[in-house]
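Okay, so here's just one chain, in structure tokens, the form predicted alone.
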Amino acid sequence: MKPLRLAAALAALVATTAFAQTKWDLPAAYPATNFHTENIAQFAADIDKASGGKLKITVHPGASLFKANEIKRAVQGAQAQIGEVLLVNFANEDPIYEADGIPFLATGYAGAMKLYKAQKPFLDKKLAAQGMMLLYTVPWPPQGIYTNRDLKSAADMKGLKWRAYSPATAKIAELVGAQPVTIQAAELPQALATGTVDAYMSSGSTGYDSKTFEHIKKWYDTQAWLPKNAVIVNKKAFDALDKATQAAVLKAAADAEVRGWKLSEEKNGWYKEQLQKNGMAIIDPPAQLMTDMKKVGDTMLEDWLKKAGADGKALVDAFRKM
């Protein structure tokens, strides 16, 4: 009988342990090898360790659980407890989500961090109203201009077949006299090969991943904006955790944010090196081109402020005081 009693006791222990363990799903839109996803995997591992296995987070990369534009709603509706989103994708919900997509409002990593600090209270308020909370953000590398043309000013961009992948990038084309063509990332190599587009604005990572260097030989490092990914959590799911596990989540999130911003900056340098190794010139933009492009940014900021109202003005004022 003793072995049976022992087996029963072990079974009861396993059942109790399983009952005490909480499992979360974390959908992410980018491949497992992307630095954002690698950072998330470390975040999940840190929580597992710090909580003593009480909270297990399964990361679902490459939009395998939900598509990129479905993740926020999935977290809000508790179909997934936690998820990663690109904030600018939700500009149609509220202009606050789009603040880091305004060209030349914040350039470079130091400027992007200041903008994040100004934007965060508004993000916290908006997400709280939707039953969620922000855990951390990580920026993409800065955005530059890919083209084979010599650009001395914005006038040299007139007539370019310009890849647009968002309302903002289409608006830039309109303001510089280029022809916007809607092309998503997966379609970009084919579009470049066929001449459907011959210029676009994005980060070094896009140029490397899409092998743009096979068709375009110049990248103007304008550092126009640094859009951020955010990891958000369903507030009820978070509140259901015990205090120690909540603390573990918040500590892991703070660590992931610091690590992710550093990773992004390191990757930016690495991507530029790879572009150069593959025959692309990395060019510091001429002064007149930057002056002209900043005017484009000013126009887009004015449009954004009209949409964003008092919150938008308060956000920009806070940013400019930093």
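What you are looking at is a predicted structure, and each value in this text was computed from that prediction instead of being measured. In this text, residue numbers run from 1 along the sequence as written. Definition used throughout: the rigid core is the maximal C-alpha set that superposes within 1.5 Å between two forms.
Although it is not shown, the form predicted in complex with pyroglutamic acid (PCA) is what the next lines describe.
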* Asked: Would Tyr220 sit within 4.5 Å of pyroglutamic acid (PCA) in the predicted complex, counting heavy atoms only?
  -> no
* To do: Examine Gln81 and determine whether its closest non-hydrogen atom to pyroglutamic acid (PCA) in the predicted complex is within 4.5 angstroms.
  => no
* Asked: Looking at the partner-bound form in the predicted complex, is Leu86 within 4.5 Å of pyroglutamic acid (PCA) by any heavy atom?
  -> yes
* Taking heavy atoms only, is Ala240 within 4.5 angstroms of pyroglutamic acid (PCA) in the predicted complex? -> no
* Asked: Do heavy atoms from each of Ser51, Tyr136 and Thr245 fall within 4.5 Å of pyroglutamic acid (PCA) in the predicted complex?
  -> no
* Asked: Looking at 102 to 110, 149 to 157, 195 to 203, 247 to 255, which lies within 4.5 angstroms of pyroglutamic acid (PCA) in the predicted complex, counting heavy atoms?
  -> 195 to 203
* **Sole residue of Tyr116, Trp140, Tyr208, Trp162 within 4.5 Å of pyroglutamic acid (PCA) in the predicted complex, by heavy atom** => Trp140
* So which residues in 262 to 287, when you check pyroglutamic acid (PCA) in the predicted complex, have a heavy atom no farther than 4.5 Å from it? -> none
* To do: For Asn234, decide whether the Cα shift between the shown form and the other one is 2 Å or greater, given a superposition on the rigid core.
  => no
* Asked: Aligning on the rigid core, do we see the C-alpha of Leu188 shift 2 angstroms or more between the shown form and the other one?
  -> yes
* To do: Would you tell me if Ala164 moves between the shown form and the other one by 2 Å or more at its C-alpha, with the rigid core held superposed?
  => yes
